[in-house]
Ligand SMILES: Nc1ncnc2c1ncn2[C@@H]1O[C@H](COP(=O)(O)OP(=O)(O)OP(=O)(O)O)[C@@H](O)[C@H]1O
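Take a look at this single chain in structure tokens; it is the form predicted alone.
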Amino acid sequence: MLNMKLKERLALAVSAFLVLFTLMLIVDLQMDYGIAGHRTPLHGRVKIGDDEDKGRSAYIEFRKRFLQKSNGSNGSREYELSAPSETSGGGADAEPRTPAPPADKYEDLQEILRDQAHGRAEDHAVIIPPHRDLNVLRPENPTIGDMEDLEPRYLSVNASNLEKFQLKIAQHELYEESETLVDAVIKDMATLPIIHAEQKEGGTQLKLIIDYPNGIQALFKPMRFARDVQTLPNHFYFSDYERHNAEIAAFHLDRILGFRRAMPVVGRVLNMTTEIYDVTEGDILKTFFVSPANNFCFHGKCSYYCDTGHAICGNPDMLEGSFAAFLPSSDLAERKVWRHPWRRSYHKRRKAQWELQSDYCDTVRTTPPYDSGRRLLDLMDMSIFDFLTGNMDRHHYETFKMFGNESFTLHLDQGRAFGKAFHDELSILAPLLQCCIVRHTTLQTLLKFHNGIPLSKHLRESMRVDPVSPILWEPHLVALDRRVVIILDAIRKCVDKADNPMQGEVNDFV
């Protein structure tokens, strides 16, 4: 009898466990289904921040609603499904599709800009008017040449175009809108003979320092794969390849948006034998070899992807790459490196503080140098710039020490941009949506491209003059116009929350 009772107890326990397991499985499957019965993959489930905040964070609420919308029939899945048609016939002369006229012209945002232009809405909580923006006011805008008392060198016959450009870098911008030296520096990097090459120390991937005559230097990033190769789905942002064409496209985009915070970059095709192997020295020479396909290859030495299995190969010895102009040396203009407040964790499982704390921006706002001046607004511009390019790898940024905390932030190292043409990474917009502030001039620029000639067309035309054009795969250009709309939606969401602070609270309960 005792044995029978034990068996019965075991049977009951197993039955109860199976019932509970079945219930948990049903609940889990229900959570995996999106709106309108469409199945959302497991990796699409997102938990952001602390749910107890009940709408206090515009970032959390905007992302939740955007993800809900994208689960429907006309969200981001539409772009994913349309990928094949976007890429068909994608040659250099292929006629790009013209986007349809925007249905929403954002008249509400335009009205705020008009009011600020006429001296009204001066104290708007979200859109910062020009009279409060040091990037517009610029009471002082000295150059490096002014600060170092080196103005006579502007006229020196021995100074290179790059040296002249470096001396004209100012407190609030790298170069003026009409600066002719930009094109001169680009032409020099694309045409001057290479007299020396060496591997740049540090970093995660292979880069070369290129020396030209007259002391000109550039940073060379080699081409690894074709324009239409996207980031692998299982790659983290910190383990992705760097793309040479992303550096070129980001420079052009930075100039078109009016930021002018990225150094000039140009594409060029090298002969690996005469322009790299014959002019370099040291251990890197030991990494050159001829592949089974009779192509000349090398891999250098670095933290990631510097081995025979990830070698950089020519065709057979011609290699394309990007050349970025060097910033002034530290002897002339020392730079300060800042840890980005919205830096990612760079860990496979951990989240950063800003991903867990919805009022994170309140902490940033009270911390120097973000508590005054232009720095916080510069980071908002940087988040918009990075979102447009899809760059998740913004862990640090730099400023010029000589200009103090009122110096602009440099847009450096865009090698991991333009990796996903059919995915819009909303977390890049976290600074904008958590702080809910944006420059009047930045919003004005975005509206101009949305309601006028699209940003993609401006960028396409600008990049057309590059020696290795076309620079971007067409779906990346289409993504730019799509992302402009997402940014404008985000700004509108911030304005709505500022005008109706209780509305977010209500929405969480309705």
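Residue numbers here begin at 1 and follow the sequence given. The structure displayed is predicted, hence computed values, not measured ones.
Omitted from view is the form predicted in complex with the ligand, to which the following refers.
When you look in the model of the complex, the only residue of Ile210, Ala324, Ala250, Ile384 with a non-hydrogen atom within 4.5 Å of the ligand is Ala324. For the options Asp254, Glu163, Glu275, Asp413, the residue carrying a heavy atom within 4.5 angstroms of the ligand in the model of the complex is Asp413. Of the candidate stretches 107 to 115, 283 to 291, 306 to 314, 327 to 335, only 327 to 335 has residues whose heavy atoms lie within 4.5 Å of the ligand in the model of the complex. Candidate site formed by Lys200, Gly203 and His395: every one of these residues places a non-hydrogen atom within 4.5 angstroms of the ligand in the model of the complex. A residue is said to contact a partner when one of its heavy atoms sits within 4.5 Å of a partner heavy atom; Glu242 meets this definition for the ligand in the model of the complex. Contact check for Leu219: a heavy atom falls within 4.5 Å of the ligand in the model of the complex.
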